[in-house]
Each structure stands twice: as structure tokens, then as C-alpha cells.
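Before any questions on how it binds or moves, here is one chain, the form predicted on its own, in C-alpha cells.
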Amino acid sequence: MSDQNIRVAVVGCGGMARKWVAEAIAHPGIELVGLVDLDREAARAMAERYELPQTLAFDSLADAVRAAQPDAVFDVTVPAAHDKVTIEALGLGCHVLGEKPMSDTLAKARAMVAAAKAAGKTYAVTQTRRPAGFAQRSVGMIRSGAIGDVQEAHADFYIGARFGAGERSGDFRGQMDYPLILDMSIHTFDTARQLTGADPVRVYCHSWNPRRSWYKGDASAHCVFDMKLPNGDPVVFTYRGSWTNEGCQTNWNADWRIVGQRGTLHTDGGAVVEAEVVRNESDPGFFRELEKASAPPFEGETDGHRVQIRDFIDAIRTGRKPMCDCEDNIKSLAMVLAAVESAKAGRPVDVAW
């Protein structure tokens, strides 16, 4: 397969799928052979939008696989349908790359991981912040040892996003019980795992809906995660967020402080990635002298979907694990679902996957 194009079918032809279809068409190693939607007219409209043959439109994944014989499926359906699409695709012999989140329940996600193992196929989930410049630059600085061993990570996410207001009053987020945690926090939680290299152990989450809110459910939350590095050392990760914060907003990637043994890295989730570290660790002073450092620019591709689609195709060809492989990404989903469980229970809960 290394010398052949990877044949791909896109399942789910709503607005989100446009990016996926465009990237599939642009990738020199992909042959787009199917567009699948329960509403066949949506699949036909997608084909027309990109001047593709109407013969690519299907209303059944099974029919698409039988007729077009794809090697892989891009799952761009709603979260509640991810398990059905992914498990069916794997059972039909296809690799799968899916939209985040992996699923809407941990039980479904576990079944999806098990199905990938049983089929011997690759299944990965897109976490589009992972390739971002701020993340790549931060990881590089942290891995270089600039701030010493990571011990804490703190993220602030404050955005006034009126998904559920005005003309968009029917947006699904406006009706969710925990819109911030369930729809958005997985990006920040996954970034915490990426930057620290630690996995979640336990979480306490307090959520609420401010009086100013235009959401039905809790649009604000504070979370404290106990995490653990591969060597067993603990890391504490805190998250403060709101989707009703108008004024002094943060970047959509959040504002970060990563605290290490020797100093602190700060990134605003955009162009700023800098650190201040203790110049002389034997200095007995009350405030020890610090020196500043900035992360070098990142010259690679940073478009999240483009990077992960390219990585996925390369992983299929080489047999290696892709970025955000399902066995790893389920940990980020587990953080989200455990945070909701904690918010409902009003107490800390373990994070299991």
C-alpha cells in the first residue's frame, strides 16, 4: 500500500465535512471514492460543491464500501453516531480517522478501541490543537529541560461565544447541560496531556451557569486534575473556563502556565511562548534572579486537520501509531466525562478509561 493512493470515503456530509473533503482532495496520496450521508441529498450536494461525480454519493456506508472499496473512512458525523460508524467501518476492513470527541460515552469509546484491536486496523481521532504552533513550541521548550521537571499546569479559557444567541438560538450547545465541558474542554484537557506528558488520575470539577449566561446549562467550570507522569511523579492541572466571558478574552487555545522545578513557561495560546527560569539554583535570595527565554519559531505545518490527515495516511502506509491513536485519545475523553461526573456528584472522582 505504500506505493498506492489511499482510497477514502467521508461519512457525514454536513458543514464540518467541507474541511475534510477539501483536505482529502488536496492530498496527493488520497483518492476520494465516497461521500456518505443518511440524507443522500447532502452527499450529492457535497459532491456538487467540489465538482465531484455524483456516483460518489451514498446513503449507506456498507454500500459505499461494497461499490468503492475504500481503504479508510473519515468519520465526520455527530458524536453520538461515532461508535456506530467507526465500528461498522472497522468491521468492513477500513481504517478510521474521526472527528473529536471520540464518542459521547466511555462505554462506546471502549467498544471502539476494542473493535480497532480486533480488526487490526488503525483508528485515530483528530485533536486539532496538537499541531498548533504554540503547542509545538511549548513542547519543544519543556522537553529541552528549560524549566526542569514539570510539576503543575494551569489553563485559563475565557471566551464570550454566543452560539446559542440571536440567529443561532437553535445551536445544540445552547441546550446542553454542560456545554463548556462537553463541547470545548477536551481541546484544553488534551493539550494539558500533550504539554505535561502526564495522564489523568482524579478530578474535582465545580461548574455553574452565570446569571449573565445565554446558555441553558453550565457555561462555566473550574477543574482540578491530579495527573501522573510515566515515572510516577505527580502533576497538578487546573482549568478555569467560561463561555460567557465578554471582555479581556483569552485565545481559543487558552492561556497557559507550566510550572517546573526551575521556572515557569507561559504561552497565551498564540504567538507568545516564553519562560522565566532561576539563573542560579543555589542562590539563597528571597526572590532569586531569573533569566528569560523565548521558544524558537515553529516552521512546520500547523493546520490541525491537514497535519492529522497527513499523519494518518502516513501511519497507514508505514504501520506505525498515528497521532491521537484511539488508545491514547480515550484518556482525553475520560477527562471530560469524569469532570461532568464530578460536577454532578459535587465531589472528586477517579478518571478511568
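Computed from a prediction, not measured in an experiment: that's the story for all the values here. The first residue of the sequence shown is number 1, and the count goes up from there.
This next part talks about the form predicted together with a small molecule, which is not shown.
Options 255-263, 95-103, 278-286, 232-240; stretch whose heavy atom lies within 4.5 Å of the small molecule in the model of the complex: In the other structure, the partner sits against 95-103.
Site check A26, V73 and K321: each within 4.5 Å of the small molecule in the model of the complex by heavy atom: Result no, not one residue of the spot touches the small molecule.
The unique member of V139, V85, I147, A161 whose heavy atoms fall within 4.5 Å of the small molecule in the model of the complex: That would be V85.
Selected contact from N245, T128, S207, T122, since only one has a non-hydrogen atom within 4.5 angstroms of the small molecule in the model of the complex: Contact residue from the list: T128.
Interface membership of A17, the small molecule in the model of the complex, 4.5 Å heavy atom rule: Yes, A17 is a contact residue.
Close approach of K108 to the small molecule in the model of the complex, 4.5 Å, heavy atom: Residue-level check for K108: no, no contact with the small molecule.
4.5 Å heavy atom contact, V11 to the small molecule in the model of the complex: Taking the distances in the model of the complex, the answer for V11 is yes, it comes within 4.5 Å of the small molecule.
Contact flag, T250 vs the small molecule in the model of the complex, heavy atom cut 4.5 Å: No.
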